[in-house]
Every structure is written in structure tokens, then in C-alpha cells.
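Take a look at this single chain in C-alpha cells; it is the form predicted on its own.
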């Protein structure tokens, strides 16, 4: 056996992640390995290789990354690095979300706190400039944070949901859907934030647990049916009582209308039947308030009931009653409860658990109100002009709801884990028209202009003077729903031929549909379904082939991370303390798709020790083997069994990654390296390397070299920094980064 190689002095001291991570990332950036075109140009990737593409779910520009963001980045980076090392043309597009309401709210609060001013004091244009400056400052910080986690995104393709290419895509998408009659303006009950003075989507609402009073009463002494509510103040807007058609107690009253005086307010209450009413719940009867409940609005539509608005946009009573008019809803509640008691109409009061709906930004209590807004019609049938969706033909009459159901039902899109398909179907089958307008200044302004009674909608403003643009902006989810294809050059990279066929060019041709969308299970409906809606409508194809759902990050006791609990973990702080690779492994190992992951100091310490173990094993192999101990022909039967065992495990790990079983692949690698390579093979090799004959030494040395090298390669997607650092010191004779080294198992 040749002379043992000299040990680089770096290996003579313990591994310190802070000494290597920044320089390693600079190596990746300098070599342009995150660009698929540069990898082809340098010969790292074959030009005819299959592609693998992903878009980064854009984090909000409202602040710093949190552990949930880190979990997302680490999961996606693992998939990207694995597929890049498999030789694919790999593209991962980064970007950030302008998060309209959240970002505007942050700036408004800072403006009021620091300058004692409101946005109206600045005016729309000056205020938007202020928000844009805030967003850009955060984007700069967040880029560095994303890099710190090790994310191998193609920075040359970075996008922002409010930049001009995305603004062009938004205008095009809106105008096209408006012309096809799928976007309309109408009045519906929406989530209204009285404090923020805007509509909100369901995901912008928080539910605060608390106690509430449930009041059981009758509208008048001669009204035959008792009802119960936690909001007596809304009952002055009731127009019906709904009962189940099979409820024998109330069947004889169905269809009857009662003209009553309800605590001094005249009401006309019709008894209607509705199969959605549970006869076993409460009194089995529900007072219907069409103007202040989305559920009641639907009951009213099915039964052609009138709607009476009794609460205004400032959560104050708007009713012809001197004592109630202008009162806040809670004040009105006390007044009406007192009147019910005085009139002898209150039958029961009981304390119940309640989830109060509040705006997660302004803190205002949500008030369901009928408002004229812009909506996407999900049920209207239209002729789909071009379809690459299995089972749907060009020109077929479909609705948007049918498209987003069909793409998953026919398995063109697979959801991992599969159990979330049921959740998806339950949501979509109950899907209502999507309210896309917001009454805020920051965001994509709705591309609609008015002049007298005329309405103009297009991708560019009208040329004539006198037109006034709609003041509302679009729901943030509208622009992010275009994310997979707007980041790939749409609409410029899509040509509609005379025969109606679509012709994709550039990035859109090469990388769409994307292969995987990895995101949190909490936005399966809010984002994933809407991306499918937009892609199937605008391109006639799915946006991605697989949806990989990750869970929440919790502390060691299983509690949600939060500032109020004092258990919040900053991913950059723990990366500084334990090393980024330790953070990555702590998030990935043993966490199946769709499951929450627990992170604790103990877990982070364990994977810091694992980094040191990798470092020390590498030093041992380098100290005790020679440079020519790499050819399998020198391996004897005993060592061959060990090598065969490793090859079998390596194949399992490869299959796990191909099947998105990241948790199993990372766990198997960890266990093999520590408990097989370090604990057994290294220990067994020591006596042979010290006292064995030359052939035995060479066989053992060859085994250790092969297994170490292949372990470093296969650990790289999970622990990119330490593996690349070792590679640059030890194996970089060909000047190729480990990040583009070929995966050892085909």
C-alpha cells in the first residue's frame, strides 16, 4: 500500500460550522451550479437530461424567516440537491410574496408609532413608496437568510409577486377571466375587518378560544319555535327560522310566515325547511340572518328570503331604533338581552366554548357583512379552449371547480401524503366563489376603469381621459396562484395559435409543469387549489405533478412555537450555535410528510455531534489509508460483504428519496454512518490497518474509502455544508463541487 496521504491541518481541530459555511456557499455561487444552463455549459449536466423543476413558496416580506420557513427550505433543498446529483436539469426558482395586507399593516403601525401619522396623511402614492421601501429592505435580509439555510436556488431567476413581470401576468389573467365571464362584481356576505376596513380571506383570520353566552329565546310569546344564538344583536335582522324537513316538532309550521314584534322591532319570520339543519343540535331550529352569516346567506338563497343589513362597516348597529342605532355590537347585545328578559322571552342562558374570529393583522373582530366585491365564479361553465388535462377535451364545457377536482381525482396531481386528498376534496366540493378584492392600497390594483356607467377592463389603461380606476387591490393569493408559470415567463412565453392550440417557449416550455410543489398542509386550499385553478384555466395544464405537504414545527414538548409561550426558535440563531447541517437534520429525520416535527436543544446537540462524527471519521480514513485505495478489485470477500450491505442500503435510500420519503432516507443515512461505519467498520479496521498484511490492509482501506466517499455524496442533500467542506479539502482534484457530483446509485 502506498504512503498514507498527508492530513490537511484543518482536520486536526474539531469541526466548526461557522468557519466553513459562508465560504462553502460562495463556492456554489461562484461555480453557478444553481443554474441548469451553467451546469450544462460546464459539462456537469447533459443537455438532453430530464428536467426537475420547483418554485419556492414565496415567504412574506413582512419579517424574518422562522422555523417553519426553515423546514420548508430544507425539505425543498434536499429534493433539489438529490435530483441535481442524479444528473437532471434542475431548476429551483426563488421569490418572495408582497403579502399585501400583512405588509401594509406593518408599515401603518410603524408610521403611527414613530411619526404619529396615518396613511391618509401621506396619500396613496407616498404611502405605497414607503411600503415598497420596507418590503425591499426585508427582501435583502431574507435573501441572506435563505442562503444561510443552504438553499440552492437559482438567484438569477428570483421573482417578487409585485414586480413588473408578475404585475403583467396579473393584469393579463384578470382581463382574460373577466372577458370569459369568470370574474364579476356582485354583493355577497364577506369577512369584513371593521378595524382594517377591508375584506379578508379565511386564512387571514385567527380563531381565539374563549367563553360565550348561548341564549335560547323566542321572538315573541306566541312564536312557536325557540331558537338559540350567541349573537342576539344580529337577530334584529332575521328573516326566517330554518328547521329540518323531517323534524316532527316543527313540520306543521314550514311555509308559514309570522309577523311579530321582536323587542320593539317589527320582523317578518318565515319558517323554512333546510336539510343542513341538525335536529339534534340545540333546539333543532336556526334563526336565519342572511346579511350577517355566510351559512345563512346560502339558506336564504335556497329559500328566496330577503336580506336585511343591520350592522355597518364599523361594527355598529344600523337600525331604526333610537336606543340601538350607532351602538357597538357588544353594547347592542346587552340591550337586546335585557329587553328579552323584560319581555319574558328568554328561556335559557348557558356558557359555551366559542372560537372568536379576528383579523390576524389588525386584531379587529370579523363581522360578516354583505359587500359589493369582485369575485371569481367557480361554478360557471365555460368552454375550455385547450386542454392537456387527462379526461378533459378541448372545447368541453367545464367549471373551475370541476377542473381543480378533476386534476387530483384522475391522479395527474398526486398529494403526499395521500390522506390529504380527502381534505382537498372536502374543501373543493364546498367551494364558493372566491372574493378577490381588498380595500387596501398596497398590492396589485384591479385593472378595471369606470367612466359614467361604462366599464373598461384590459391589461393597459384606457387611452381617453376621464376614466377612473377601481380603488381596490387584489387578494395576494391571486398573484401567488400564478406563481408556477408567471415565474417562467408567462404570458410572454405562451403563444395561442390560430387553431386554438398553445405553443410554449423558453422556460415555460422547458420547466412547466413543475415536478413538485412542497408547502405546508395549512394552505392546501388557500394556495395549492388556487394554483391548480389558475394553471388549468390559463394554460390548460396542471401546475405541478406532486404536492408534498409538510407539517408545523413544534418544540420538544409538542407545543406550537410562539413568542407568547417563550419557546420561539430562531433558525439562524440555532444554526450559529449548532451549525446549519444540524438544524437541517433535526428538522428532517423521522418527520414523515404531513406530520409536525419537534425541535429541541437536545435534538440539535445530537446532530451537532453527528457533524463532528462525520469530520472525525473522515480524518481517520485519511490518516490511515492511501490515495490508491479506491479500486474495488482490491476488496476481499469479508470486506465485499460489508460493501454489498452498504450498496443495498444505498439503493433503499435512493428509492426513499424518489418516493419522497425524506424522513426515512435521512434516518437510514444517519444510522448507517454512525452505527455501522463509525461504530463497527472503523473499529474493526483498526487492528487490520495496524497489524494486517498488505493485501488485507488494502482491502480494508479500499472499503473505507468507497463507503466514506459514497456516504458523503449521499449525505450532501441533507447536510450540504460539512460534506462540501470535506469534499473541497479531500476530493476536489477535478475542481467540481460535491453539489454536482453524480449520485452513486442509478
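Values in this document were obtained by computation on a predicted structure and should not be read as measured data. Residue numbers count along the first chain shown, from 1.
Separately, the form predicted together with the RNA exists; it is not shown, and the next lines address it.
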Is the RNA in the predicted bound form close enough to 235, 525 and 671 that every residue in that trio has a heavy atom within 4.5 angstroms of it? yes
Proximity to the RNA in the predicted bound form, single hit among 304, 114, 211, 430 (heavy atom within 4.5 Å): 430
In the predicted bound form, the residue from 228, 343, 128, 319 that sits within 4.5 Å of the RNA by heavy atoms: 228
Even though the RNA is not shown here, does residue 656 get within 4.5 Å of it in the predicted bound form, heavy atoms only? yes
Is residue 497 close enough to touch the RNA in the predicted bound form, meaning at least one heavy atom pair within 4.5 Å? no
Should residue 667 be classed as touching the RNA in the predicted bound form when contacts are defined as heavy atoms within 4.5 Å? yes
is_contact(residue 295, the RNA) in the predicted bound form, heavy atom dist at most 4.5 Å: yes
Specify the contacting stretch among 613 to 621, 366 to 374, 166 to 174, 335 to 343, defined as having any heavy atom within 4.5 Å of the RNA in the predicted bound form. 613 to 621
Contact set, 417 to 433 vs the RNA in the predicted bound form - heavy atom within 4.5 angstroms: 419, 422, 426, 430
Looking in the predicted bound form, decide if the C-alpha atoms of residue 522 and residue 294 are closer or farther than in the form shown; they differ by 3 Å or more. farther
